[in-house]
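One chain comes next, on its own, written as structure tokens: the form predicted on its own.
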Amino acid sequence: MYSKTLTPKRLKPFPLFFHPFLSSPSRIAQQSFIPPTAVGSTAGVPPPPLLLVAVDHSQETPNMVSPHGIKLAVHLISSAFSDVVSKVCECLLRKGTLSLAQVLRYTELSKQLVTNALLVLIQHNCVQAFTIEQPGGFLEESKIVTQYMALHDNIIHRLRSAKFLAIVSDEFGQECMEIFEGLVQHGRLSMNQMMDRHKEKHKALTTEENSSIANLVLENLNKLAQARYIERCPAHQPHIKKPKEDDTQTKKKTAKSKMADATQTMEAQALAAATLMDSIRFLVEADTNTNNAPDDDSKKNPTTEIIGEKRKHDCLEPGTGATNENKEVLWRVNFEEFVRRFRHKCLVSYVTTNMDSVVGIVLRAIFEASRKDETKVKMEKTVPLPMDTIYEEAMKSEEGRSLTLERVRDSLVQLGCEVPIIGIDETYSIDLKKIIDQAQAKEVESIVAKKYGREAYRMFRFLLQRQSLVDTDEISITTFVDKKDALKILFQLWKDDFLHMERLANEGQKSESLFWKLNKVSVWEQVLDDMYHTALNLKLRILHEHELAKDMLKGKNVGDEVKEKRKKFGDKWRVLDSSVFILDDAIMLFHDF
């Protein structure tokens, strides 16, 4: 017996606008202008040869940004700023964390241009700077070097600005939305700058004094901070220690060390060092130091003190941290809170659609009751809650007032909870990761069904459930597909890097069997990259349509023909824009949730 493992090279991504996701059965029918990808004929496909170049996917970085994810981020930066800023951003995304000298060498731009570009990216929360000690050469002392890393997730969040604004507007109204809109547009603002924007925006209407304007801005700022929609900016340039190679190589993987794996990389350490404590991160103070030099009390700003004590580095400049040169606190959008709310909404929507509405009400109540206890966005399980707390929270909503205790308990069972035999300590915790996995699997299955057909969908779903090597005969019998047709479909999926194949031969009987297993990690990464690709194509199409309609949109007094063209352009733009919104929900499902 011998075994050969064959892994083909990944094929090119889907071409422009030919992505099956937007035409999947689980999506609305607004994307009819994007045709699904047709599968070519597989008739006469010969068995693949045994001698193929194997690609070791185990060496790939799991958290590495996909190629089209980088292209989409660069396009967003280029559209918002300039080609110089996008070039510096692309350099950091492709090369990783770099120093200023390295950015200058790779981009071949002047120092002034690169410095200005980095300042713009930092201002808009797309780049995080940090310092690290590097050893010197022979008879040279070590030196402190500033490193810059691109924050890909924050760049992609620029796609969701309209969603953020809609949430704030619906919850707090126009005044809070104006403050939040300023943070979305400018990245970081102090309270003084928010006051200046308010005066400029309401110049013709306001006759209020500075104190009343300050109180109004402070009140709205406090509302946004209490809801955690905004936060104080992290430390501008934290200092971290570079881990020694000997320590990282000899360190044993204990249970505690596995919990610290997320902060082992230099970039993760920098982000953790820059993050403020929650008690400071959402603290709104009345003292704004309006255009004055900081007084003695302001020098004892709690943010500055805590950052200094936590880092214990005298090399940082006094102006670094969450304040500017006048020690004013800078604020920015807290993307984490919005992603958490989007995640909750996605989970509730999924269980409501695939189970029933009561299950959705119960899950929403659990999220409301445990919101303060959530420590991170990607919580695998909810915080254990007693039955009385869940029932009381469900009764607060209008839909849940008619629920009985037994109906709530049945919904918890549907969510995968086990009812204790003795109801003395009746607490429940929901496995959120399992629900997310089911939602992701459903989306991928719809893509496979649209691209390869219903028979391929049944085979893909069977292999997804098994998660192990399965013989061709077993796949054919279980999914009710003829063996000859099953082989054609399996080879097509294998060719597209959806499956892993092992060919087992028996030398005595001179026969061989083919075993198949789903490449789940590879498929999920490929699907996410294709989504980034389609989102980029949609954004380019929107930009192209705007360029074509630029002259048509000029002028007010126009004829009926121009009005009809404008209406058609508006309809087309709304379809494209809604497609980006829907696709962004799927991107968050596979990347952020």
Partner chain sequence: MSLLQKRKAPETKPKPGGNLAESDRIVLNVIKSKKEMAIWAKDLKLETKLPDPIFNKCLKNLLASGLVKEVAHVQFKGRKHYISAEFEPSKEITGGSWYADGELDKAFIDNLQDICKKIIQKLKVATADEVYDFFIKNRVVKTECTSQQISEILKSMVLDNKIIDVKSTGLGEYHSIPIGKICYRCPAGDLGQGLTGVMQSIPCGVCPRIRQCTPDGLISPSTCVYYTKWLDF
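As the structure is a prediction and not an experimental result, all values here were calculated from the model. Each form is matched to the other, and the largest set of C-alpha atoms that superpose within 1.5 Å is called the rigid core. Positions refer to the first chain, counted from 1.
The discussion below concerns the form predicted in complex with its partner chain, not included here.
Participant: In the predicted bound form, does each of Met355, Glu443 and Arg541 have a heavy atom within 4.5 Å of its partner chain?
Facilitator: Heavy-atom distance to its partner chain in the predicted bound form: all three under 4.5 Å.
Participant: Which listed residue (Tyr457, Phe81, Phe172, Tyr391) meets the criterion of a heavy atom within 4.5 Å of its partner chain in the predicted bound form?
Facilitator: By the 4.5 Å heavy-atom cutoff, the listed residue in contact is Tyr457.
Participant: In the predicted bound form, which of the listed residues (Glu380, Glu398, Glu374, Asp473) lies with a heavy atom within 4.5 Å of its partner chain?
Facilitator: Of the candidates Glu380, Glu398, Glu374, Asp473, Asp473 is the one lying within 4.5 Å of its partner chain in the predicted bound form.
Participant: Is the gap between Phe462 and its partner chain in the predicted bound form 4.5 Å or less for some heavy atom pair?
Facilitator: Contact with its partner chain, yes.
Participant: Is His157 near its partner chain? Define near as a heavy atom within 4.5 Å, in the predicted bound form.
Facilitator: Taking the distances in the predicted bound form, the answer for His157 is no, it never comes within 4.5 Å of its partner chain.
Participant: Residue-level contact is defined here as any heavy atom of the residue lying within 4.5 Å of its partner chain in the predicted bound form; does Thr478 satisfy this criterion?
Facilitator: Taking the distances in the predicted bound form, the answer for Thr478 is yes, it comes within 4.5 Å of its partner chain.
Participant: At 4.5 Å between heavy atoms, is Val88 in contact with its partner chain in the predicted bound form?
Facilitator: Val88: no contact with its partner chain in the predicted bound form.
Participant: Where does its partner chain sit in the predicted bound form: which of 448-456, 144-152, 222-230, 125-133, heavy atoms within 4.5 Å?
Facilitator: Among the candidates, contact is made by 448-456.
Participant: Could you check, with the core superposed, whether the Cα atom of Lys539 shifts 2 Å or more between this form and the one not shown?
Facilitator: Lys539: C-alpha displaced by less than 2 Å between this form and the one not shown.
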